[in-house]
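What follows is one chain in structure tokens, specifically the form predicted on its own.
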Amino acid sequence: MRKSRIVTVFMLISIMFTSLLFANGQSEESTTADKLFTIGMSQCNLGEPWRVQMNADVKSEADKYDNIKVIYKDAQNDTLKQRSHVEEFVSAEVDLLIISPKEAQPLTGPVSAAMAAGIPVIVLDRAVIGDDYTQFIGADNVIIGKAAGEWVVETFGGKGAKVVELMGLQTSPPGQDRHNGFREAIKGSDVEVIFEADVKWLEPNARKEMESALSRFDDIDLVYGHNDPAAHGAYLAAKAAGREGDIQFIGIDALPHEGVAYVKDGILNATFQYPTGGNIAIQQALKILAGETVEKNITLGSRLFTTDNVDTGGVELK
């Protein structure tokens, strides 16, 4: 009898132990599979249509997955506010940070602080200084700027062309790169930049600066806008002065409802695509959160849209 009781107790203990192991295993597996990851999205501003599209692309991709939640913050073109937003995300211990910095230097420290806190960081569109981040995603703005310059030189066929350059924020890498690439391409040609201004990516600023250029120069052959809003603002200023028919306008971004539409409508002569990378950022974030190793840098491709090819989807930049 005593031996039977001992066997019975032993069997009961074994069953309970096995059940606990199974339950624990199930719990760990369930927790891993069902964990909700929080991603902080720090956008430098939503005053530019391209950045509104970036956030829309992030949201569209994120909405496909049930295990991620994205919290958005808009710095409203204020570097100090964006620094504060990054610090808030770090304090909240988000699982991953996506940031599109307003300026490189001031955001480098906060990004490094996030990395030091164990939060992976995807830098989107505008780079920071150094390489203390998990991944950078963006197009090559030097290549795009150079392609714009080559297009101008080829379009004017070696003849002299007087150009107005309306630049993006010159404390941001994209603005600097689009400027440097363009100047490299026109070097040694008869293309001459007769007026330049930093319009900080904003259409109203571009329109105002173009009005100044029109008042100073009787002959302007082309406007190179660092983004499509800049080119469009210049067009509106020229149209108000009755001079839009004498000037060509080119920009960068090529959003379907903006730059590409302007080319179709005959407002811009060309626009160069600058992908937002928003959807790719979410795809890469999921890999990082799953513990996968990802590329340090992802360079996005670009396309050129002109009046000749806009209806067939443009051509890829080589």
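Keep in mind that this is a model prediction, so the values were computed, not measured. Position 1 is the first residue in the sequence shown; the rest follow in order.
Absent from the display: the form predicted together with a small molecule. The rest refers to it.
Residue contact check for E48: one or more of its heavy atoms lie within 4.5 Å of the small molecule in the model of the complex. Using a 4.5 angstroms threshold between heavy atoms, W201 counts as touching the small molecule in the model of the complex. Of the heavy atoms in G181, none are within 4.5 Å of the small molecule in the model of the complex. Taking the partner from the other structure, the small molecule in the model of the complex has no heavy atom within 4.5 Å of any heavy atom of Y262. This chain is displayed without the small molecule, yet in the model of the complex the stretch 123 to 131 from 123 to 131, 208 to 216, 237 to 245, 109 to 117 comes within 4.5 Å of it by heavy atoms. Taken together, P174, N227 and Y274 are fully in contact with the small molecule in the model of the complex: each brings a heavy atom within 4.5 Å.
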